[in-house]
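Starting off, we have a lone chain in the form predicted alone, written out as C-alpha cells.
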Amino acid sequence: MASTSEALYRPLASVLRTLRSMRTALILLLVVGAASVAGSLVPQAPTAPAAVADLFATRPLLARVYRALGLFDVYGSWWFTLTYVLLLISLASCLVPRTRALVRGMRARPQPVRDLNGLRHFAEAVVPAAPEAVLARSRSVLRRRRFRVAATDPGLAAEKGGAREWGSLLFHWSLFLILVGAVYGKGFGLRGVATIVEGETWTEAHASYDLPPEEGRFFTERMHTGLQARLEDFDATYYPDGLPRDFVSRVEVTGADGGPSTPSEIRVNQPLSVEGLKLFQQGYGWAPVIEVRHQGRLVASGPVVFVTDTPNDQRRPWRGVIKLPSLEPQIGLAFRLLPDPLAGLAGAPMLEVRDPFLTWRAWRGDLRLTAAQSVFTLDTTGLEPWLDGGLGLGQTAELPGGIEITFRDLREYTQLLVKRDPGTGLMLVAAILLLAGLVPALASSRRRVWVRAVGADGAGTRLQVGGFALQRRAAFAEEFDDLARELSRVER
C-alpha cells in the first residue's frame, strides 16, 4: 500500500515542482497568448458559423486541419481550458511561497556580516569621535536615506529596496487577478444586439435579441435580468457631407421588479449601465410602418426594420422585406425607402424626412422559409417577378387578388449592443494595482549596507562600511562612495 502511494506521489510531486517554476508559467502564458491570436484570426463556430461553413466550402483541407486542432472553438476547447487552468495553478504556486517568504523577510531584522572586507564594496576611515556617537550618527544618516536599520554587535545592519519586491509581487498578483477576471467575465458574460423601434418596448431575454446572443459557458437562463427598455425617441444629427455627428436614444427603463421607469439617454461612447448590463449605442435606421391586407383580412402590420449596405452613406436608399407565406401562392415584397426623394435623386445626403417614398416589388412562388435565410433580404431563387410600384406616406397600392399595401407611418429604430461582463470590476482593480506595483518595481533597487565602529589604537573610532546591491549594481558604486563619505564626516 505504501509503495502504491509512493508511486502516485512521485509523479504528482514532479508535476507540482514543474508548475512552481516561473519558466513554466511564462511558457503557459505564451501558449495562451498564441491561442488567443488563433481565436481572433480563425472564425469561431459559436460566433461565426457561416464563416466556418464558408471555409469548409472554399478551403476544405485547411478547414479540416483547423477542426482537428480545435481552432474553430478555441476558447471552448479542452486544451485551451487545460492550459489556462495550469497557468493559474502555476502562477499561484509561484506567488504564494514568494509572498510568504517576503513577509518573513520583512519581519526579520537585517543580518550582520562577519567579514566586511570580503564584500564587493568596502570603505574604511578613522573618525575623531567615540564609537557610540559614530553609530548614532550613522543610524540617522541611513534612516534619512530610507534604509531599514538594525543594531548588531558591534555595529549596524541596514537594507532598503523592499518596495521593489512588494511592487514586483503586486504586479504578478495583479496579472493573476486579470486572468481570473477574464475567465469570470467570459464564463458568466453576455453579448447581444437588440433593435428597438420608436414606441416599442424591448425585454432583456434570450429570445429578444436579433440573433442568439453570445453567452458564457456558465451563463444560465436565470441570469437574464428581464428589464424592459422602451424607446421613446431617437434623434440623429449629421455633418453637411452626410456623416453622422451624434445620435442618441431616449429610453424608459423598467426593472424586472416592475418598479418605476427611469428616463435615460444612450449616446455613442456614453453607454447606459443598469442591473449589471451595459447598453451601447451601436446603430440606427428607419422602420416604415407597413400594412398588408388580403381581401380585407390583415396579414401583416407593423414597423419593418430597414437596413442599408452603407450605414454612413445617407445617399443610398434603405431596403426591407415582408414575406407572406400564408398566401397562395406565397408572396415576397422587397422595398426601397427614400426618406427625402428629391435629395436622393440629386445624389445629395438624405438628412431629413421630406415626403418619404417607398418603392416595392412583388415576387411569387415558394419562399423556402424552411431554409436558413436573412430577414432583411429576399431570396428570389425560383421566384417569379410579379408587380412593382411606389407608395408615398399614407398611400395604398392595390394588387390583383384583393391585396392592398399601405404605407402608414415612418419611424426610426435604434440598435443597441448589450453586454454583461461581471469580471470588469475585478480586472479594473487589478489593472490599477498592476500599475501601482510597476512603479516601485522599476524605480527602486535593493541595497544592503553594514557599518562597524570600533575604537582605534589612538584617539577616535575606526569606521568600516561595507555593502552590495541586488539590482543595478553598476549604479550602486557611486551611491556607496557617497554614503561612505557622508558617514565618515561624523561630527565630533
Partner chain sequence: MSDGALTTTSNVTFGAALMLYLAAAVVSFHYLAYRRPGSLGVGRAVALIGLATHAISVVTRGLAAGRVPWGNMYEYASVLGLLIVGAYLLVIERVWRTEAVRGFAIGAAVLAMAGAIMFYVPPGPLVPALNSYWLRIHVVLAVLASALFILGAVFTVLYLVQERRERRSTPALVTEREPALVGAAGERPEDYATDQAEEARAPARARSRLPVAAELDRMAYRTIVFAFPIWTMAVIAGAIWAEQAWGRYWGWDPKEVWSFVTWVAFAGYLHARATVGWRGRRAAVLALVGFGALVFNLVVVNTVIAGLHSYA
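Numbering follows the first chain given and starts at 1. Since the model is a prediction, treat every value here as computed from it, not as a measurement.
The same protein also exists as the form predicted together with the partner chain; that form is not shown, yet it is the one meant from here on.
Asker: Work out which of the listed stretches, 252 to 260, 291 to 299, 174 to 182, 397 to 405, brings a heavy atom within 4.5 angstroms of the partner chain in the predicted complex.
Answerer: Heavy-atom contact with the partner occurs in 174 to 182.
Asker: Would you kindly say which of D379, D421, E214, D340 lies with a heavy atom within 4.5 Å of the partner chain in the predicted complex?
Answerer: Partner contact (heavy atom, 4.5 Å) among the options: D421.
Asker: Within 4.5 Å of the partner chain in the predicted complex, heavy atoms considered, which of S374, T370, T220, N269?
Answerer: Of the listed residues, the single hit is N269.
Asker: Indicate whether the partner chain has at least one heavy atom within 4.5 Å of a heavy atom of E384 in the predicted complex.
Answerer: No, E384 is distant from the partner.
Asker: I'd like to check something about R473: if you look in the predicted complex, is any of its heavy atoms closer than or equal to 4.5 Å to a heavy atom of the partner chain?
Answerer: Looking in the predicted complex, residue contacts with the partner chain include R473, since a heavy atom lies within 4.5 Å.
Asker: Tell me, yes or no, whether V15 is in contact with the partner chain in the predicted complex, where a contact means a heavy atom of each within 4.5 Å.
Answerer: Because no heavy atom of V15 falls inside 4.5 Å of the partner chain in the predicted complex, the answer is no.
Asker: Does at least one non-hydrogen atom of Y239 fall within 4.5 angstroms of the partner chain in the predicted complex?
Answerer: Flag for Y239 set to yes.
Asker: Using a 4.5 Å cut-off on heavy atoms, what residues in 417 to 451 are near the partner chain in the predicted complex?
Answerer: Residues within 4.5 Å: L417, K419, D421, T424, M427, L428, A431, L434, L435, L438, V439, L442, R446, R448.
Asker: Answer with closer or farther for the CA-CA spacing of V42 and D421 in the predicted complex compared to the shown form; it moves by 3 Å or more.
Answerer: Farther apart, by at least 3 Å.
Asker: Mind checking the CA-CA distance of P43 and S208 in the predicted complex? It differs by 3 Å or more from this form, so is it closer or farther?
Answerer: The answer is farther, because the C-alphas of P43 and S208 separate from each other in the predicted complex by 3 Å or more.
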